[in-house]
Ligand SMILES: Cc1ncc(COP(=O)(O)O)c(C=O)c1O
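Coming up is one lone chain in structure tokens, specifically the form predicted alone.
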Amino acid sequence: MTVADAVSLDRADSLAFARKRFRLPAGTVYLDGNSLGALPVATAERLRATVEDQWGNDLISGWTKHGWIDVPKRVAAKLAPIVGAQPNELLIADSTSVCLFKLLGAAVRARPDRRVILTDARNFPTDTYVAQGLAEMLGLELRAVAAAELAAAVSDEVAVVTLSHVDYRSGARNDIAAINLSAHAAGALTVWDLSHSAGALELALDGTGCDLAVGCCYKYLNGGPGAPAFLFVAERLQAELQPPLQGWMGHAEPFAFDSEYRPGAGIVRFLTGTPSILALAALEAGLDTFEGVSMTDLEAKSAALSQLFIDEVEARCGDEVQLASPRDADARGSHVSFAHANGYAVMRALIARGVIGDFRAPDLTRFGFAPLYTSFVEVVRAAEVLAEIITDRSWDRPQFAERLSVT
């Protein structure tokens, strides 16, 4: 594809208006929004106002005057249409790992006669670590099987199935609706990690029968480095489930300061400690970038961007790289991985040329497409630079082989 062709695609893009909502450095092709979303233009002013006007002028009265105490629910309401849930089924709280621990703990507690947590053997490592720790603490079994064996592995021993919607390496999607059906038929609950799909794909947590879900907010949701995570608990389960971390913000009357814990009504019981108001202010600005955006259009653009990248890389690089993601757009998320024996050095060389992706061991160069701000021209440019680096072997320099602490 020529640059002129890509310009035409950008002109026809129904989501082109959203790009203006982000601060994108000139001369940089940013294809790492699947690791850290770009900075929204509104974030700096939102933080300034929260720090200077609210905290600075109103001090502790900000909890009531500015409604800080209700921010976890208010911001979650903005997330609801993005993930296909009701506002009362979502909270913003803690990190993804802490949220996952809470939901897994509540799920196994709700199935006391079952001793197995079932997961994919190649699930995101942090998710596996959390499940391992919970299983060891409670004397349960964490059973990890190949993705192709998941359906057959769901039995009456399984309390909960926990999976990532989109694989962090390849971008391959799990079928949420089908796995939910399989788990429910066996009497098990499901916990989904949506970190690599929320904000890039059209989700329907309620429509696909999800029980529980978590996700980070610093990737496609543009909440900033280390943004708090979200958790989802289906309304039909909220009265039944008891969180394993009982904090004062989840109490029925936090400021009664009772010595005994009484869970709050509904989703509120999954709160633990004091909300991080500054982080939530940045996240709210990130979620506001989705205003007026159709999630159907968002997913369609995601598929178009990633397909164009696959086509251009394969046309320009030939067999020098190998596609490590599903070829079918319906089977992948919004990132694409290509394998190269020296993938780390290749990615370092790309970054030095202004094309930012990332690397996942052992050999994957990974490229994320954030439909709100990634353009078709950028996709073509990235493929062009990758081909140049592969062809002239400019990746084969000592400085690109040096491993950094973050890859």
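Numbering starts at 1 and runs along the sequence shown. Just so it is clear, the structure is predicted and the values come from calculations on it, not from any experiment.
Only in words, not in the display: the form predicted in complex with the named molecule, which the text now covers.
- At least one heavy atom of T126 is located within 4.5 Å of the named molecule in the model of the complex.
- Looking at E89, you'd find every heavy atom of it more than 4.5 angstroms from the named molecule in the model of the complex.
- Within this chain, F101 is remote from the site of the named molecule in the model of the complex, having no heavy atom within 4.5 Å.
- Interface residue remark: D211 is not counted as part of the site for the named molecule in the model of the complex, having no heavy atom within 4.5 Å.
- The stretch that touches the named molecule in the model of the complex, counting heavy atoms within 4.5 Å, is 211-219, out of 132-140, 297-305, 233-241, 211-219.
- Checking Q322, S155, S97, T274 for any heavy atom within 4.5 Å of the named molecule in the model of the complex turns up a single hit: S97.
- Think of it this way: in the model of the complex, the named molecule has a heavy atom of just one of S195, T289, S334, T162 within 4.5 Å, and the residue is S195.
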